[in-house]
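Listed next as structure tokens: two forms of one protein chain, kept apart as structure 1 and structure 2.
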Structure 1
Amino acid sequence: MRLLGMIGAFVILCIGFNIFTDGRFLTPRNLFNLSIQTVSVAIMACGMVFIIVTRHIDLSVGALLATTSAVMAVTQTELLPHILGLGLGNPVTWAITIVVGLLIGALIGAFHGWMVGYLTIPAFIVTLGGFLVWRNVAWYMTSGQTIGPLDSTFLMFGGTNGTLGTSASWLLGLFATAIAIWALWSGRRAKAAHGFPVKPVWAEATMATIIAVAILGYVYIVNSYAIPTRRLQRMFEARGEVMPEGLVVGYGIPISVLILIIVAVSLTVVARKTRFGRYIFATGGNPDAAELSGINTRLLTVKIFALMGFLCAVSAVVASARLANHSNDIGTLDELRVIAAAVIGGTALSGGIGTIYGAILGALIMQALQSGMAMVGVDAPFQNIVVGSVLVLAVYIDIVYRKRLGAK
């Protein structure tokens, strides 16, 4: 019911903004842009769930995104051309760049986790220091300048520069729908087989319908967003072909959204099906009991923060590719958006409770709220006031919900 309530709030939000913008909010173009704008924060919010579940916090994610973005920009524009002779457009430039960025992100995250887990410095202090340190490390790496252009293949991970096309998008949508419904019903059978309580059939059927409509509806929307005619002509000319008269081609699912799906599915499996995931929630539920039961909570902390750093680097790939360059202000205030998305999505600040899909839905609600207010013409300061108020209200509603659930 809580998930359905969040979905209902998102739908009401979209309909409301569509009315106030005279039908411009729910257009294929705006929804396409909304999805690619959400990806960067949503990916980091998935990692933030594990951080908050274990009763920690990470205030450095935006700065870490900036640092890894700077590392990857400098790698492909300065280091690889001068050291290995691999310029922009080389088939391996993008791969080496991303590997370097992911490695740096994971190492910095592990360093944070080591200070929190083994030196027992509070995560708030460690990551607050990281927020200041890594934001300015990124500035010094680029001397505060915008770095671009970036490798053309690298840019495919950002948005309109890289999409699956309409046919591949429909195939992926049908496959994802089938897998999601199968997972829903197989989970129900497994619970019933072991004597656990299950949801009513109508509730499962409702969830299956919502999932199918959401997936296939999204595919229909992104396929409906047509590539501009002039850009389509250039694409044909690059292949040495002539574009047929009156041809209309949709973008399809962006590769960045596909990356988010892969991250979300992977972390959901980790959370529900692996020892590492069970250790995370056990530690968040009762750290002392988890340590007494034999869980190495210190090493677990290092691993969680390393994963967070890795996901910050993934977000840096998406964010810099969407902007087509590395800018000095990339990732600014993302730490607040990421934490807000996780909390709005149902992650308890007291630890032990949180879901990946909830964090993604929280990020989507946050982005829809900001995008809608911008389209209506709300000033940026007032947008922040509204977002902050929504965050506090969401936490209050979550507290009331859990109290009533505990009373029952």
Structure 2
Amino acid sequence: MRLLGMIGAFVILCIGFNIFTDGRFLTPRNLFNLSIQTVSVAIMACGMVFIIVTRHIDLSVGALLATTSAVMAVTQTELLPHILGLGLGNPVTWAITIVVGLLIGALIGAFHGWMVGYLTIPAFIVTLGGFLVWRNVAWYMTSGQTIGPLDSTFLMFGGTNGTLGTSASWLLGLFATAIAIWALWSGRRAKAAHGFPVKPVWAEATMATIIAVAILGYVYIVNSYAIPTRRLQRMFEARGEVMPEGLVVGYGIPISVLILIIVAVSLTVVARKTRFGRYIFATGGNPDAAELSGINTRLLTVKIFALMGFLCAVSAVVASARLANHSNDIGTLDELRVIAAAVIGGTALSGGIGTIYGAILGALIMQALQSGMAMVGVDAPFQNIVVGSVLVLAVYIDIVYRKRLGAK
């Protein structure tokens, strides 16, 4: 129900902006850009759901993104090519860089988690400190300079520079739809096998249809965003071929969006189908009960923050690759966008409640608002005023909605 409400809000928002921009909002080009702009915040919002569900908060994600981005920028432009002598454009550079970045992100996150879980310093304080520390570690590492250009393979994770192409996108879309329907069906079968009541067929069918339309619709949109002819020409020239006259090639699914989908699907499985996920929600619902049930809540905290750090590094890959360089202000204010996305997506700050898809939708709604207003021509200060108000309003609607349902 909630999910439908959020999708509804998103659709209304899109249609509204489309009318005000004379049809410029709902173009393949804009939707493509909207999706790649959302990825970075959405990936971190997925991790933030787990943090907030366990009644913590992480104010350091933007700073952590900057530090991991700086580490990766230095690794791929200085460390590997010059100091280790791999040279520029070496085919292993991007892989080593990403492994280093993810490792550093997870380590810093685990360190935060250790301070929260074992030293029992409130997460608000630990990550407020982390916010100042890591933002400035990044600054110090790069002396505040913009570092670039980044490795050419690395740039493929940013969006426009790396897409799957049309046929692979269709294949992937069909594959994903099949998996989703199979998952719905096997869940239903498992219930039926034990003789539990199952949802009516029409409800499951509606769900399946929504999923199929969303997946295939998105593939259709990004496939119909054609690569500009000039750019296509250059790609052919780079390969030493001549571009056929009148050729139109769509972008297809950006690799960064694919990463977000992988993150979202795996974390949804983690949340619903693993002990780790079950313990996260149990701890959020009642920390004492979780402890008394033999759950090691301290270690759990370390793991959750390590995961958050890891996801910050993933976002750092996407964000720096999209900008094609590491800039000193990368990820500034992202912590607030990420928290807002999770909260608009229905994650309760009191703990125990939250979904991954909600957080992603939250990120999408925020980004749509922001870029929609920019397209309509709303002044920058008003954009932020609106986004801030929407955040408060969304939480209020959520509270009213939950009260109506009689839940606490």
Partner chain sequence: MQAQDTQKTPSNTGRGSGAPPLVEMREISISFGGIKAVDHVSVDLYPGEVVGLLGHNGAGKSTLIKVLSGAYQMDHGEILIDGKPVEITNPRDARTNNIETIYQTLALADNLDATSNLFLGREMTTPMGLVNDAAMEAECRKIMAQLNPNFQKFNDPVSALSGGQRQSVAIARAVYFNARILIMDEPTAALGPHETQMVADLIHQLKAQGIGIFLIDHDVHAVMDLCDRASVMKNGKLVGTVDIEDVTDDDLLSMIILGKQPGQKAE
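By rigid core we mean the largest C-alpha set that fits within 1.5 Å across both forms. When a residue number appears, read it as a position in the sequence of structure 1, where counting begins at 1. The shown structure was predicted, so the numbers you read here are calculated from the model rather than taken from an experiment.
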Problem - Either 1 or 2, the form predicted together with its partner chain - result: 2
Problem - Displaced residue check between the two structures: Val201, CA, 2 Å or over, core reference - result: yes
